[in-house]
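The chain below stands alone and is given in structure tokens; this is the form predicted on its own.
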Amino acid sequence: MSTTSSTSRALFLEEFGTLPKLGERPVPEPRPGHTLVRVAAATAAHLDLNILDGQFGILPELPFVPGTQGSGYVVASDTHPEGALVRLRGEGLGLSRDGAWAEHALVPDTAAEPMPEGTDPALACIYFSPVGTAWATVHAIAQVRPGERVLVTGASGAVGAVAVQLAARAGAEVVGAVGRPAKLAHVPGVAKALLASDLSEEAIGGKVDVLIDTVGGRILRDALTLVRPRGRAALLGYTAGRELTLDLADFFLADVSLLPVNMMSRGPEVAPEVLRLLPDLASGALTLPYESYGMDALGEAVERLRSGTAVGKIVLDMEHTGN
């Protein structure tokens, strides 16, 4: 099978600590055990930034095409039907082999997961991690129950926004906190939206049963004081700081359970639940925030990600330019 063009564009990392440069390369040649994909969308995530900066444990040989997750349409494969939408991840993609920041990617068959027909490519490449993490946090770990009060920090982010919606679906009263005024409007409407700097028992109407913290740092330290005795705090991020210092006497008195959210072993557990939620994501009944940029706007996308001003996930649209 031949592709429509012998070359395609890709983002090439030539030196760690710099941004990849847009260039052209031959379309990869199909080979047994591999699937050739016309990439439609790819994520730009903090893991990708660590790789660009040369600060990840697995460093590829340069030049290199980054991109640890993406989605696209099958061009040639012995395993997947031509034209099918697949999600791209795993098998060293964007780590030890060229990744998804390209118009075409040749990946091991096992790195291409078929997606339901009609799924939006942008949604296909970003949905699993934030939705799976939010589902596990709300249900398996924090075990939110009807009538409880839940505080979610980072409530405009991808994981935080989904956690807000899933907690509300579970019958909870939800407060969503964000760090910047510009993000208040992006907290899902099922929650009361507040600035993290304004959080207090008075502002949220008393202590909460559950804290779902996605940011860490000082925001986490302050939010812990708002959880009732024998309440639960699920901790799943540290963009605002990696350290938490506790006075043990105060911690024992507060009697709040700290529940770390580690998703490394929970993939098989959450996969059926995440797939069950995909129709709601596709219809908009459940929203997953993201920003979209063309390949030529990578610099702007990375700056939004590094500065913390991005709302939700960052998606690189491989089929369009600009943002």
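All residue numbers are counted from 1 along the displayed sequence. Since this is a predicted model, take the numbers as computed values, not measurements.
What comes next is about the form predicted in complex with a small molecule, which does not appear here.
Between 153-161, 99-107, 166-174, 83-91, the stretch whose residues reach within 4.5 angstroms of the small molecule in the predicted bound form through a non-hydrogen atom is 153-161.
Proximity to the small molecule in the predicted bound form, defined as a heavy atom within 4.5 Å, singles out one entry of L236, V144, A124, A191, which is L236. Using a 4.5 Å cutoff between non-hydrogen atoms, R180 counts as a contact of the small molecule in the predicted bound form. With a 4.5 Å cutoff on heavy atoms, H46 counts as touching the small molecule in the predicted bound form.
For the chain shown alone, V215 is a contact residue for the small molecule in the predicted bound form, at least one non-hydrogen atom being within 4.5 angstroms. In the predicted bound form, T119 stays away from the small molecule, with no heavy atom inside 4.5 Å.
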